[in-house]
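Shown below, as structure tokens, is a lone chain in the form predicted on its own; questions about how it binds or moves come after it.
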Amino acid sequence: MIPRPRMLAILVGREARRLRKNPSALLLLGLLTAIAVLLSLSRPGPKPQMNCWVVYSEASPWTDLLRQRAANNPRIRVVSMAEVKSLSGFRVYPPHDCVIELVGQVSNLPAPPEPDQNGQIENLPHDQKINLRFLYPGNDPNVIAPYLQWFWPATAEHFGSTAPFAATTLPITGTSCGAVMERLKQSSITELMTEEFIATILLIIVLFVTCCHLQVSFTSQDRERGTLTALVLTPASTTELLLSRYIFHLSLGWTACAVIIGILRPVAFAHPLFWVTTALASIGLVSVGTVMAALARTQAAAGVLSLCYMLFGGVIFYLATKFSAFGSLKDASFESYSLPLLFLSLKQNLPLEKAPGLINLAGLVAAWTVAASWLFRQRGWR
């Protein structure tokens, strides 16, 4: 039976009237919004001082000289590429730091040619040059200038004025979205206390409250009182009952998320990944709430199930960082994909086709939705 808009409007209005009689839920949503307002009004802390990494592929007298020159400067670190963590072929550096990469065989270089009478130097083949990569954070390449003022004199001291270099300058933030994912996994809470991270946590809490907790509370309350059975006996079909609950809780969750993002990160409104991830995460949480409400006989039992689901997810996420055996269990939850995707969508405008784990998230949400629909039809209204 095709859902009737008139019947859906009546059922959604019924859910909205029930929300007005639940002051605790409204108070919690208001509190989360107030936190977002306070964060937006707070002064941003001072940016950490930028360090410079000088990374070489092969040790040589030149790199030894650079290491000696950097010994008295705590902001400069000269290390081998083997000491730098890599992810999917990309080296992952700390945020806000700049990098000078020395790529190529530097220990057996031919003697650099002398300039001719016009001061010009004969071009060397590309495979005989040292490849330099200057990587800078943010959008301003000039931030690396103070470290270049240290690097070039030390280099000229070793090579003279005829060093065979092939140099490129690139923004470090555009190397790989995997670096952002790796930072999210490995960094401590104090390192991650950025506006994007706090906004991600607030969004997850809002979606859980509006799409899962309230869904569990309202549905189990109707079951306990026999209201759902009475509704099934009315002209409203089971499909309309279920769809109206999805529409109400999704609308409530999306509205609350839009308010928080409008306060903390308005630029994310233009990021398609943010809307797609929010939609999938909210649908998944409504489906989880429907499953729990269908399994629990009483409202108290459903509330305990909701709390256990949240705590169980947190424990699994923690254990997955300590024991690899829990990694598969963590990957089976759609939260393991929705949280980092939300973080990425707030941090940058990543194309959907490059979003890591988006297909997995959609597949898990679809499975939960099918299971919730089947279970609600079988026993959710009884």
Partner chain sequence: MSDVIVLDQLVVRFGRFVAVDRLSLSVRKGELFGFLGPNGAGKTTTIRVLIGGRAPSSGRVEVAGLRMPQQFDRIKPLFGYVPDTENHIEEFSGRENLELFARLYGIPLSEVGRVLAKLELSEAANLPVRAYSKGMRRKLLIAREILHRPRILYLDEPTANLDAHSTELVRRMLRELVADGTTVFITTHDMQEVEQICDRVAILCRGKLVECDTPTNFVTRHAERKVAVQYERSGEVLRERLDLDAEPERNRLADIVRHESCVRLHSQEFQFEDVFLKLTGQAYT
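None of these values were measured; they are calculated from a predicted model. Positions refer to the first chain, counted from 1.
Keep in mind that the form predicted together with its partner chain is missing from the display, and what follows is about it.
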| property | result |
| --- | --- |
| Interface membership of A362, its partner chain in the predicted complex, 4.5 Å heavy atom rule | no |
| V79 within 4.5 Å of its partner chain in the predicted complex, heavy atoms | no |
| 4.5 Å heavy atom contact, L148 and its partner chain in the predicted complex | no |
| Proximity of V84 to its partner chain in the predicted complex, heavy atoms at 4.5 Å | no |
| Contact residue in the predicted complex, from A156, V267, L233, A300 (heavy atom within 4.5 Å of its partner chain) | L233 |
| Location of its partner chain contact in the predicted complex, chosen stretch of 259-267, 198-206, 225-233, 276-284 [non-hydrogen atom, 4.5 Å] | 225-233 |
| Those residues of 4-38 which, in the predicted complex, come within 4.5 Å of its partner chain by heavy atom | R6, M7, I10, L11, R14, R17, R18, K21 |
